[in-house]
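Next comes just one chain, in structure tokens: the form predicted alone.
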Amino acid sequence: MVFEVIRPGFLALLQDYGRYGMQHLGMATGGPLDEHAFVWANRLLGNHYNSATLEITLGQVRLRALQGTRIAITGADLGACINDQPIVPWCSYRVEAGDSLSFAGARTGVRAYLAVSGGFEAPLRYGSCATVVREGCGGLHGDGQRLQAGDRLGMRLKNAGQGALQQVPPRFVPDYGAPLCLRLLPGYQYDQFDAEQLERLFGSDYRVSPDSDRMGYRLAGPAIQSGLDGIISEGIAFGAVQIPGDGQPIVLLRDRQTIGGYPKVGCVAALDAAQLAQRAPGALVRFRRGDLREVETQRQAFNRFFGIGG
């Protein structure tokens, strides 16, 4: 065992890369909401990209190390400390048995990722340990529960305290406080939104609603109307932008339902959706029409760099 949970905070979930190929069974993919931060946490330690990390939302977490190891922290700055000494994210560190690792609260961003050498150990459910609370699947005990006080986290490597400490080059560290423009790739229902509605969508600011979670981010702003009254429920892709009856867009994320009956104007580029997941309620976002070739090229380079799918 590598950590004991002293204080579990608002929401701390074990996540690997996700549970793929199970949507036909009605199961969500799960996995990290911020894929960029997740894969960097593993890369800092030389882990496989699919290694399980701890996704910590909004902080208020305290862990006690039970053995020495290397850790990496990426994503939001949640005021992390080792033995009450502040540390910065996007770096790896060494902890020893008895050390305290704490996360106070969000300074920038919403979600931090804590990785350990070799990844956290957890039972696989349908090929993944990704935690989907709503479905009661994945996580430390396989039952979809968030971490609780007293839980003990194991790691796959038994002696992983050695190795150089690393830092993510600054050019790859996002500014979660910067204005965010989401690249929208039109879907096959795009033409069901007339020019006036699309001009409003692409020309307006939207605020992240407090009613946002791992299923989807609800946005508040000028209402968009479709020419469709509704559709027969169909499969929903990651990043799909649903337009429900009130006209307020919903960007669907990792824990989304597998089917839905609202019209969809398109999909947000996956790496942009990761950045959206670091925006707190009240943050402003905009949409712009994305270029498919640009998005595909960026995605291919990202996958090659992190060895995803290889």
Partner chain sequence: MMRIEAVGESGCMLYLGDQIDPQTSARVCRAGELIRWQLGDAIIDMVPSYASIFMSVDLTRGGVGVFCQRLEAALQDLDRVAAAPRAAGALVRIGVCYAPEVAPDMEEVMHLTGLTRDEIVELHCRERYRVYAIGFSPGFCFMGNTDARLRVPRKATPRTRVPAGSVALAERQTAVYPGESPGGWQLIGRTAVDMLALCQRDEGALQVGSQLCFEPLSLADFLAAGGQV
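Computed from a prediction, not measured in an experiment: that's the story for all the values here. Positions refer to the first chain, counted from 1.
What follows is about the form predicted in complex with its partner chain, which we do not show.
Student: Go through 234 to 242, 172 to 180, 204 to 212, 95 to 103 and give me the stretch that gets within 4.5 Å of its partner chain in the predicted bound form, heavy atoms only.
Tutor: In short, 234 to 242.
Student: Since only the chain is shown here, I'm wondering whether Tyr20 would be in contact with its partner chain in the predicted bound form (any heavy atom pair within 4.5 Å).
Tutor: Yes, Tyr20 sits close enough to its partner chain in the predicted bound form that at least one of its heavy atoms falls within 4.5 Å.
Student: Although the partner isn't part of this model, could you tell me whether Glu135 comes within 4.5 Å of its partner chain in the predicted bound form, counting any heavy atom of the residue?
Tutor: Result yes; Glu135 sits at the interface with its partner chain in the predicted bound form.
Student: Though only this chain appears here, would Met155 touch its partner chain in the predicted bound form if you measure heavy atom gaps against 4.5 Å?
Tutor: No.
Student: Even though its partner chain is not shown here, does Gln197 get within 4.5 Å of it in the predicted bound form, heavy atoms only?
Tutor: Residue-level check for Gln197: no, no contact with its partner chain.
Student: Using a 4.5 Å heavy atom cut-off, which residue among Ile82, Cys91, Ala220, Leu185 comes into contact with its partner chain in the predicted bound form?
Tutor: If I apply the 4.5 Å criterion carefully, the residue I get is Leu185.
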